[in-house]
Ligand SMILES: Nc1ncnc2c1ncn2[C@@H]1O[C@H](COP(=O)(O)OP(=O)(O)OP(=O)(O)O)[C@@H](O)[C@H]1O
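Shown here is one chain on its own, the form predicted on its own, set out as structure tokens.
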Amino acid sequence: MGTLSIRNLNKSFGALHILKDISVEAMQGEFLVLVGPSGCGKSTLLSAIAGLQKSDSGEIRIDDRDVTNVAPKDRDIAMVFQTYALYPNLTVLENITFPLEARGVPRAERWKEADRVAGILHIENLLDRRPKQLSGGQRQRVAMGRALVRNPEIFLFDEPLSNLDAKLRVVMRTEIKKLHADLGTTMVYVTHDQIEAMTLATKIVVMKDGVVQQFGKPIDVYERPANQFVAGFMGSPAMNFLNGTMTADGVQVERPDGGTILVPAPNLAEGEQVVLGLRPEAISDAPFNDNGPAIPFQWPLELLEPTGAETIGILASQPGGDEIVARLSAKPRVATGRAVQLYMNLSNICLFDAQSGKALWHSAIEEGQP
């Protein structure tokens, strides 16, 4: 079936608590992505699923079978490593078929499986080469082929694209997504790249300091972040955070020039200090028309960064705050160095507690968006 269930998993190295009561699930055919900054515990969690790292407590089940203390070779999983881990003295064909040879599978059957996998990955013309004769992308395909040939219940990927250049990463990301769609096999994928997470996942696990911050569908994590960390980590450019004060009519936000703007929001507690979360695409130099309710506001514009299809606008930060990023039109009619007329889309904003960072309200939920 290819299901995965992790319950209350803990792992420490001496006094360092790496995994803290982790509980996540992946159903048959899901693409589960573990994402978070370096040192958050995502690779340790993947190693525990693979059996390469023994957990201190908790349970790991594959197809409802407890594999917590089962050897890696008996878990019916296959892993693709960041460093490819190919045998340099073997050909591509020999590398791909090595797992089958270790199992004692006859040569004719091994070669038949290698041809099948090579066709899926479009590396039929590389079977006689050795790893040193391959590009990074080709080596990654061979590493994937070696995993595919085992026909496992679950595939594990440990940052497989991190050694590739930016253009090749996009190509290989698409190939992995196509592969998942074709095979329908459960996959667990580790990355620190939130764009990879959003584009590949059917479910995302956002981790920080060994703790699951949020577990859910990509769109839910993006539009309804559980806390300020998740909101700031997921999205590129990241979500903007503006300090504000609750009033009877909404959130009052102080502008850098000393003025204020009022953002409509529920009156949680008048006088309460909150953080207004606003995605860059929710700030534009033109009205949003039918894309939800919007309000005009004035804000100093410091810098324009044309990218072709759009222009990134860097707005002045609040005192003690971070810079604010907006997605403007390709040819914005605004000038830097002064306050300009902008528009704020209210259909997807968030409010966070100023002290704990916990989400208090999402406009996406208020509007009944799925």
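All values derive from a computational prediction rather than experimental measurement. Residue positions are given as counts along the sequence shown, with the first one as 1.
The next section is about a form of this same protein that is not shown, the form predicted together with the ligand.
Undergrad: Looking at Gly337, Pro306, Pro319, Pro37, which is the one with a non-hydrogen atom within 4.5 Å of the ligand in the model of the complex?
TA: Here the answer is residue option Pro37.
Undergrad: Using a 4.5 Å heavy atom cut-off, which residue among Gln28, Thr68, Ser43, Ser329 comes into contact with the ligand in the model of the complex?
TA: Only one listed residue qualifies here, and that residue is Ser43.
Undergrad: If contact means any heavy atom within 4.5 Å, which of 337 to 345, 321 to 329, 43 to 51, 60 to 68 contacts the ligand in the model of the complex?
TA: Flagged stretch: 43 to 51.
Undergrad: Might Glu159 be said to contact the ligand in the model of the complex, defining contact as any heavy atom within 4.5 Å?
TA: Yes, Glu159 sits close enough to the ligand in the model of the complex that at least one of its heavy atoms falls within 4.5 Å.
Undergrad: Wondering, does Arg255 line up within 4.5 Å of the ligand in the model of the complex on heavy atoms?
TA: Although the ligand is absent here, Arg255 would stay clear of it in the model of the complex, with no heavy atoms inside 4.5 Å.
Undergrad: Hey, in the model of the complex, does His180 get a heavy atom within 4.5 angstroms of the ligand?
TA: His180 lies outside the contact set for the ligand.
Undergrad: So in the model of the complex, does any heavy atom of His192 sit within 4.5 Å of the ligand?
TA: His192: contacts the ligand in the model of the complex.
Undergrad: In sequence order, which positions of 300 to 324 have a non-hydrogen atom within 4.5 Å of the ligand in the model of the complex?
TA: Read in sequence order, no residue approaches the ligand (within 4.5 Å, in the model of the complex).
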